[in-house]
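Shown below, as structure tokens, is a lone chain in the form predicted on its own; questions about how it binds or moves come after it.
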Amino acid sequence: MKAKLWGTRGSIPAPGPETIRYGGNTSCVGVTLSDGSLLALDAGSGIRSLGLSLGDEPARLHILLTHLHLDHIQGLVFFAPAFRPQTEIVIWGPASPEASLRDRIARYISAPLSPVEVRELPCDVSFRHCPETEWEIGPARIRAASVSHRGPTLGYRIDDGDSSLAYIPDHEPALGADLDQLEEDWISGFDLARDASLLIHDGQYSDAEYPAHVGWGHSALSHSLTFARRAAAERTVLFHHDPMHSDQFLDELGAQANRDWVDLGGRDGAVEIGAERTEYELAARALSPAATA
């Protein structure tokens, strides 16, 4: 299984000279399964580049949405494969008593926010609520579970062979709780991340910033590290960067994260800041990253 980061930013795209190295696109991760099947985790502005990388060949794609905040779906209407009749797209996401997944997404892909309507997309697109039990896509076993964030929000775990990827980009597991003392059964997202080869996790705030954002649905650095340590993830990538965080800020946050991780007894280099276009090849409890231009 391989993973590639196409968008690592949260809240709103933040392009510019201050964000070149870590990227300004919002959340999207491409996952290539062992049989070559492609999944997209979230459809922020980063999915535009993912779509352009695929060429014009017929394709069957699965898009797994964690939730429907705009920074996680705004790339759908700019996803080139969605405008090709030979493409089949299955969009998975959280259920809501308010409306179906299709109807909720249609609020964005419709006037006055979009020049096209969902019903006008030429691709073969279907919308599915994630089941409460594990399901399969190709050789992979997919599991979704509700996590602590505003609105119906899911985290995902993908197991393919002996490798596993946990994706929890918007997450506040320490809301009203001490993660060091909380029993595992009460930690939001814990079972998704347990022993993952790679954990992609919310890292939006520094510890100094978090007190002004309690309840916003995101983690302080210390919370992200405690969660990763308790889940025993092999490697952790901090994700969903605040739009105000420059490359320099993220360099400093990454250095702090690594120091704190080592102080917690973790392996040097096992925690890093997510950067656009970085690729990871996952193996059983081992992983090798390779940055690409």
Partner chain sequence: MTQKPLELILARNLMSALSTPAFLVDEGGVLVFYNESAGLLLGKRFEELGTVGPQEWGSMFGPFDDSGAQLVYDELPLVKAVRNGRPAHAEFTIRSTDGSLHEVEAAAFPILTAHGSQGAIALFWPTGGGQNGAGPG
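Numbering follows the first chain given and starts at 1. Since we're looking at a predicted model, the values are computed, not measured.
One more form of this protein, predicted together with the partner chain, exists but is not displayed; see below.
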Where does the partner chain sit in the predicted complex: which of 82 to 90, 191 to 199, 110 to 118, 216 to 224, heavy atoms within 4.5 Å?
191 to 199
Each of G138, I158 and S163 near the partner chain in the predicted complex, meaning some heavy atom within 4.5 Å?
no
Going by heavy atom distances of 4.5 angstroms or less, which of D103, E132, D124, E209 would be at the interface with the partner chain in the predicted complex?
E132
Is L175 close enough to the partner chain in the predicted complex to count, meaning some heavy atom within 4.5 Å?
yes
Is D180 part of the interface with the partner chain in the predicted complex - any heavy atom within 4.5 Å?
no
Can S148 be called a contact residue for the partner chain in the predicted complex at 4.5 Å between heavy atoms?
yes
Does the 4.5 Å heavy atom contact test between I187 and the partner chain in the predicted complex come out positive?
yes
